[in-house]
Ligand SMILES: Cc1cc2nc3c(=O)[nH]c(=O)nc-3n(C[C@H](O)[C@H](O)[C@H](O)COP(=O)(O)OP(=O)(O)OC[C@H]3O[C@@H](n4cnc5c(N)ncnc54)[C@H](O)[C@@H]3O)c2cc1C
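Consider the single chain below, provided in structure tokens and representing the form predicted on its own.
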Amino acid sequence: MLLPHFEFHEPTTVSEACEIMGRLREKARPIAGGTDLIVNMKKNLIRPDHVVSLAKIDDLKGIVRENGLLEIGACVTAAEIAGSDAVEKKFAALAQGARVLGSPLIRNLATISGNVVSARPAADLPPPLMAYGARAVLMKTSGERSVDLNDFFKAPGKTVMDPDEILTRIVIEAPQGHYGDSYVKLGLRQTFEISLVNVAAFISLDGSDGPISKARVILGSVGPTPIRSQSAEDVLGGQMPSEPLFARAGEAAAGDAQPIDDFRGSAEYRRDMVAVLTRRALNMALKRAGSR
């Protein structure tokens, strides 16, 4: 499959990239790793007249943890996230998501910005990011804004981003106290597979053995966008963690799922797996909470 004709731009600063996107708007698409955009262009699903590479902008690279925040530049790859001590130590669910994203070759190219802005329902990084309450920082020539990822996705392939905006970084406030996090993924194969169902869980305990003070459960690949399961969180809030509680939360999460039938699995199977994976994710999160 050949790429359609397009004009290629290589800005070296964020302001230059914003100027190009502001001038070309819908005619242009930004590219970081290109693992989604190039494939979709070869399939003729997208035919931008201009492609704006972000790869030479140093300000969009690097992982920085300071002042209680973790900032991940738009061009940071999944492999860099998976190998980061700063991520692994405080944001283990995100590291888990990065480790199971595609093959090693894909992980060396795919970026956090691409995995987020492509808005694929089965993407591996949005669920753990949403579980931490991460925010996407968007920039254009007129200024910058920050959007909670729980409000970012609108539909498959669609987000709240304007045509002239670029995502510059993801910002996460570091959790404190006794908390646990996890990400689990089910595919038809063990490796190189997109998710049939995925679940990210975060719980914060009131004391080392105390009740659950905060819970977030995010479901992926069972709706048009990643879904925050409010029903599961309502079951968990204020309760002592236990296997029966987690099983009830799993059933509640299954009720929030909006799966479809397709060649990879039935909606009924996916819904059942939401209950199973939610319970597993919560058990893993509780185990991590006990070790912190």
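Position 1 is the first residue in the sequence shown; the rest follow in order. This is a predicted model, so every value here is computed, not measured.
There is another form of this protein, the form predicted in complex with the named molecule, and it is not shown here; the text below is about that form.
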Inset, instruction - Find out whether any non-hydrogen atom of residue 55 is located within 4.5 angstroms of the named molecule in the predicted complex, and reply yes or no. - result: no
Inset, instruction - Would you check, heavy atoms only and a 4.5 Å threshold, whether residue 236 touches the named molecule in the predicted complex? - result: no
Inset, instruction - Indicate whether residue 29 is a 4.5 Å heavy atom neighbour of the named molecule in the predicted complex. - result: yes
Legend entry - Partner proximity in the predicted complex: residue 135 to the named molecule, non-hydrogen atom cutoff 4.5 Å: no
Legend entry - Stretch from 117-125, 171-179, 215-223, 84-92 whose residues place a heavy atom within 4.5 Å of the named molecule in the predicted complex: 117-125
Legend entry - in the predicted complex, the one of 129, 72, 110, 203 near the named molecule [non-hydrogen atom within 4.5 angstroms]: 110
Legend entry - Contacts with the named molecule in the predicted complex, stretch 25-47 (heavy atom within 4.5 Å): 29, 30, 31, 32, 33, 34, 35, 36, 37, 39
